[in-house]
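Following this are structure 1 and structure 2, which are two forms of one protein chain, each written alone as C-alpha cells.
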Structure 1
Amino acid sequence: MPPKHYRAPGKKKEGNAAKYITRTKATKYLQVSLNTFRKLCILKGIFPRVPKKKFEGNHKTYYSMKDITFLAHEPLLEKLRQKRAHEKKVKKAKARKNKELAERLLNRMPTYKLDRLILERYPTFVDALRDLDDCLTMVHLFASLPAVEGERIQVKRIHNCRRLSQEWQAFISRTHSLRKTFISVKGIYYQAEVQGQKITWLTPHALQQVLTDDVDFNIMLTFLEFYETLLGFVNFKLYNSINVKYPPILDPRLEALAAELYALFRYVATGSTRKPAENQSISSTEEKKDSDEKMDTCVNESDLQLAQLQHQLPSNEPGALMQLLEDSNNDDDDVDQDTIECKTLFKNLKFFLSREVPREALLFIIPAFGGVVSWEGEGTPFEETDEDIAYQIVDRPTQGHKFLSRHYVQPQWVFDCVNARIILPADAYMVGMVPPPHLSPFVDDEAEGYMPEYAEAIKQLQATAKKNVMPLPDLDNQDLADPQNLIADGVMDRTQANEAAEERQKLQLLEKQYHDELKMEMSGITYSATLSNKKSENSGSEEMQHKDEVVVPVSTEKNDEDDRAKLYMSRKKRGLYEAIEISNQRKKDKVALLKERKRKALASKSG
C-alpha cells in the first residue's frame, strides 16, 4: 500500500507544490546563476512568497510559479545571458594575455535599457510617485559617497546620483512642494507633496562616508541601477510640467565652484524652453518658403485669437480684456493653501549662511519657502555686508563681528520655523545658547497622549498668528467684542467664536472676583478672615455631601462585558485584542514616565 501523500511518477503536482517553487529550482529552471537571478528579480520587482505550507522545509526560500514563468519569457533575461557570455570571453582573452582582443571585447560589451520595465511596473505617473520614497533615499545616499577611482563604486555613478538628486531638489524648491523637515541621527528627513502624493526621503549628513565590508554593494547597485532610471523619468516629467527643458544646462562657472544646486535654481527660475540652435544648410528658396508659411500660420493664429476674444468679451464692459488675462493667469497658478503658506513663509527675507552650517540642506529649504539665501564664496547672489540681510545662520559658540540690523540664529531655527509654518522668535536660538528641543513633525502629540512643553508654546504662537482679526471699516469695537456678530459677518468660524466666548467668560469672572475683593477691603474684612470663612463653608458642604452619599462599590460591568466579548472571539482575534491592549498600556506607561521626568525636572529647577 503506498503512503498517504504518495504521488505517482509523472502525475501532475497539486496544491502548494504546483503554486510555489524554491529558489534553487527556479535558478535551474531559468538556467541562470544566483547573482543573475537576484538582479532579474530586483529589476522586475519580484519578491519571495510565504506559502501556507512549506512543502520542502522552513529553511527554503519560495517564489510563485507564475512569477518564474513570467521571468522565463523576459527579453532582459536573454540580454543578461549575452552579457555573461561576453564577460567570459573577456576573461579568457585576459588569461591568454591578448590585450587587444580584451580591449575590443570590452568596447563592444552588450548593453540594455530599463525604459520598458519602468513603463511596465508603473503604468501611470502617480504609481511612480507613490514608489519614490526608497528611490530618493538610495540616490541621495550614493550621492554623498566619496567619488574616488579604484573603489567598488564607479565615479560616474556617484556623479549621476548627485545630478539626479539636485534636479529633484531644484524642482521641489521651485514649486514650493516641501512640507516637513526633521534632523535625526541618521540624517535629515524631508517630506514633499507632489500631485497629491506625500513623498518622504532621508538624506545623510554632510560627513565623510566610509565604505564598509559588511554591506553587499552588488545588490545595492542593482537597486540603484533601477532607481536611477526611474528618477530620471520622473524628473523629465516634472520639469516638462512646469515648461522647463530637461536635462538642464548649468552655468559652467557655478558648476566649477561646486554650486550646482544654485545653478539649477537659476535655470529652473528662468523657465528656459529654448532648444539649442542646429547647423542646417538650407537654400534661399527654402528659407523664403518657410518664412512665408510661418507668416501665414501667425496671421491665422492671430485671426483665430481675435475672433475668440470678440466672441468672449462683452462689447460695453471696460477692462474686460485685462480681466480675461488675469483669469487665465489665475487658472495656471491654481495652487492649494499649503503651497501658498509655504511660498510666503520667508517671503522678502534674506538669509546668509556661514561656512560651518550645512549649506546644501539650507540652500534647499530656504528657497522652498520663499526666502533668498547666500553664502561665503564666489558666485553668490549677494555679499555678507548686504544691509538687507535679515537672518544670518551661524553654528559656532561665539560670533565676533555682528551687524545690528540682522538676527544671528542657529540652523535649527530654520527647521523649526518650517515645521511650525510661522516665524518663531529668534531669542531662544541665538548664538551660544542651548536651543529648544527639536520636535518631530511626523509625530502626532495628541494621538500619543503627551504634548511637550515647547510644542504647547508653538501651538499658542500659531493660534496667536491665526487669530489676528483686523477691525473692518463697518465694524465698531462693540461688534468685535461680540463673537456672534463676527460669525454673522463671516470674520471667524463657529469654533473660533466658541473659544472667544469662553475667554470672554473667564475674563468676566476674574473681573468680578477683583471687584468683590475691592469691596471686602473697603468694608475692612481681612484676607485671613475670608480664607477661614471659605474653609468652614467647604467643610460644611463636604459633610453634607458625605451624609447624602451612599457607599457604592466600584462597578465592574465594563470588565464583565469585555470578558464576555472575549469568550466569543476566535483565538486569532483574541490575540490581536490582547496585543492592542498591551500596546495601549505601554503608551500610557510611557506618557506617565515622561510626565514624571518633567515633574522632577521642574522640581530640581525650583529647588
Structure 2
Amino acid sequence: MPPKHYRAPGKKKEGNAAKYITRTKATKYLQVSLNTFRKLCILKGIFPRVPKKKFEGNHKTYYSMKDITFLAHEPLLEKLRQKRAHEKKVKKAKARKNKELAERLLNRMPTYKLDRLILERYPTFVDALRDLDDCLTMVHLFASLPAVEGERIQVKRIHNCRRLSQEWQAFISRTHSLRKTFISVKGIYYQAEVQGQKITWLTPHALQQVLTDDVDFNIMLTFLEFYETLLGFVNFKLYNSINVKYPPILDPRLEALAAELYALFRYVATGSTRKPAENQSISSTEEKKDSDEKMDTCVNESDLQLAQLQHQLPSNEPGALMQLLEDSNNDDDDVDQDTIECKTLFKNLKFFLSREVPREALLFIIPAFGGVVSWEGEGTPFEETDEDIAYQIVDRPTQGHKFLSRHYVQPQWVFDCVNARIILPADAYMVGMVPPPHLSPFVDDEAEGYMPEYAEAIKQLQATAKKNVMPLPDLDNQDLADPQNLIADGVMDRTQANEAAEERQKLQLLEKQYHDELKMEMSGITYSATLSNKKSENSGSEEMQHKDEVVVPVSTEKNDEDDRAKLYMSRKKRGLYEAIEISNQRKKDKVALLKERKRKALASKSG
C-alpha cells in the first residue's frame, strides 16, 4: 500500500500543485519569454495568487493554473508570437543590409487590438469606471511628460495621452460631476462621480517632469497601452451619453494657442445642445445649426469645415456660449442634489486667470462648478478689463493695478471653495498673504478624531450659509458660540460639546475655589490653617468634585472588567481584541501628537 500522498509518475497532480503554477513553469508552459509573459499578464489583468501551501518554496511567485490555461487560449499570445517572428525577419534583413526589405517589413508589423480584452476584463461599463483610477492617473502623468523626440517615450503617445485626458476633463466639467479637489505636494487630486462611481485621479503639477533612470518604461508603456485604449472607449461611451460626437474636432486656432481644453468645452457645449427639442433664442444660430445637421450626413468630406463653422458661431456672439450652456442645463432634469449644488456653486460668477496661474487646472475646475473663466492671451472669451469679472485669480507677490469691482484671490481659494461647497470669504486669500492651511477633502475628520482649526471655521461658515439659504422657522438666529445650539444644528460634534462642557465645569470649580478663599480671608484664617483643614474642605466641596472622584475608580474598575473579560476570551479573539486596542491606541497617539504640536506652535507664536 503506497503512502497516502504518493502520486505515480505521469498521474494527475492534486491539491495546490494542481491548482497553482510557478512563474517559471508558466512561461515554459506557454512557451513565451518572460517579457512576453509579463506583457500578457498586464494586458489580461492576471496577477499572482497565494496558494495555501507554497509547494515549491516561499520565494516563488505562483499563478493560478486556471489563469494560465486562460492565457494559453488567448489569441493575443499568437499575435505576440507573430510579432516576435516578424521582428526576427526585420533583424535579419537589416543584418543583410537589405534596407528596402527591412523597411517594408517594418511597415507591415503585425498589430493587435485591445477592445476585446477590455470587454472581457470589464463586462459592464460600470466595471470599467470602477477601475479607472489608475488609468486616469497614468494617462495624466504621461500627458505631462516632455514630448521630446528621442526620449524613451514616443511623442505621438504623449500627445494621445494629452488628448484623452483633456477629453475626459471636458466631459467631467461639462456634466458637473467633479466633487473634490486637493492640491498636494505630489500634484492635484480630483474626485469625480460618474454613474455613481467615485473616481479619483492625480494630475502632476504643470511643471517639467523628471524622467528617472530607475524606472522600466517598458512596463509602464505596456500599462499605458491598455489604459489609452480603455480611456478612449470610456470617453466614447461618455460622450455618446451626452449626445456629442466622438472623437471631437477642435478649433485649430485654439489648439495652436494651447487652449485645447477650452476648445473642447466649446465643442462639447455646442455638440450636446444639438437636440431636436430645443428652444433656440438666436435665429442665426438656428440656421447654422440646421445646416450643421444636414452636413452631418456628409461628415467625412467637410469635417474640418464643419468644426470651424461650429466654433465660429459662439465666438461671434459673446453671450451665445453662456446661453447654450444654460439651455442644456435646463433640459437634463434627472440629476441629483449633489450635481445641482456643484453646478450652481460659481453660477453667474466670472473669473479671470492671471498669466502665472496654472491655467489647465482652473480651466477645468471653474466651469465644472458653473463659473465662466477667461485668461490672459489670445482667443479668450473676454478680456481682463471686463467689468463683470468677480474674481481674478493671481499668484504673485503684489498686484499692481487693481480693479475695485473684483476680488484678487490666490488659486487655493478656488480649491477650498469647491471642497467646502460655499463661496468662502476672499479676505484670507488675498494677494501676498499666506493663505490658510489647505485641507484634504478625503479625510473624515470625525473618524480620525482630530479636527483642524480651519476645518471648524469652514464648518461654521457652511452652517451659516445653510441658515441664510433656508432659515428655520422655529430657530431664532442665536449666537453660534453656544455649543448647545451648535449641536442642535449638527454643526459641532459630540466630542467638542463634551470638551466645552468640561471646560465650563472647570471654570465653575475655579470660581468656587476663588470665592471660598475670599471668604476665608474675610474670616481671617491663615494659609497654614487652611492646609490642615484641606481634608474637611475637600469633603465640603464634594458635590462639585464628586464627578472627578467617581471617574478615577470607574476607570480602574473598567480596567479590571477588561482584564476579567480578556481572561475568558479564546486566544484568537484575545489577539484580535489586542490588535484593535493597539490600533486605537496608535490613532489616539497620533491625535495627541497633533494636539501637542498645535499647542507648541501656538505657544511659540504668542511667546
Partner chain sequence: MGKEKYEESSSDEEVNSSSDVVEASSDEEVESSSDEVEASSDDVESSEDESSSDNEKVEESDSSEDEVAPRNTVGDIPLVEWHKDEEHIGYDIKGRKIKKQPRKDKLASFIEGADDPKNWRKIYDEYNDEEIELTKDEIKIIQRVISGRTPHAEVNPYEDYVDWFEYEDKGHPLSNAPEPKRRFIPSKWEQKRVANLVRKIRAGLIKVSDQNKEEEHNVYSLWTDDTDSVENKKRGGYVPAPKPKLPGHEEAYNPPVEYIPTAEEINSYELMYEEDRPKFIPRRYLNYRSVPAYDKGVKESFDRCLDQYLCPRTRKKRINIDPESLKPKLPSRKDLRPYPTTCYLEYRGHMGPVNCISVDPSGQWLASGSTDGTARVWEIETGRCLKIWEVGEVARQICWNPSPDRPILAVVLEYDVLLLNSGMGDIDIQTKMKELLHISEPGATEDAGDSKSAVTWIQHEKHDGIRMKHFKAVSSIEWHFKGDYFTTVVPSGDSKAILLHQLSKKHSETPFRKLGIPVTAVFHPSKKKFFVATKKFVHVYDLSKVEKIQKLETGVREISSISIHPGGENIIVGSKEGKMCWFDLELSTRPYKTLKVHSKDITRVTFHRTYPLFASASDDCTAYVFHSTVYSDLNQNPLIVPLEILRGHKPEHGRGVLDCKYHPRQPWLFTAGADSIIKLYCH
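For numbering, take structure 1's sequence and count from 1. Predicted model only: the values in this text are computed from it and were never measured. Take the two forms, superpose them, and find the largest set of C-alpha atoms that agree within 1.5 Å; that set is the rigid core.
Chemist: The form predicted together with its partner chain: is that structure 1, or is it structure 2?
Modeler: Form predicted together with its partner chain: structure 2.
Chemist: Core superposed first: is there a CA shift of 2 Å or greater at Y29 between the two structures?
Modeler: No; that C-alpha moves by less than 2 Å between the two structures.
Chemist: R574: with the rigid core matched between the two structures, does its Cα shift 2 Å or more?
Modeler: Comparing the forms between the two structures, which are aligned on their rigid core, R574 does shift its C-alpha by 2 Å or more.
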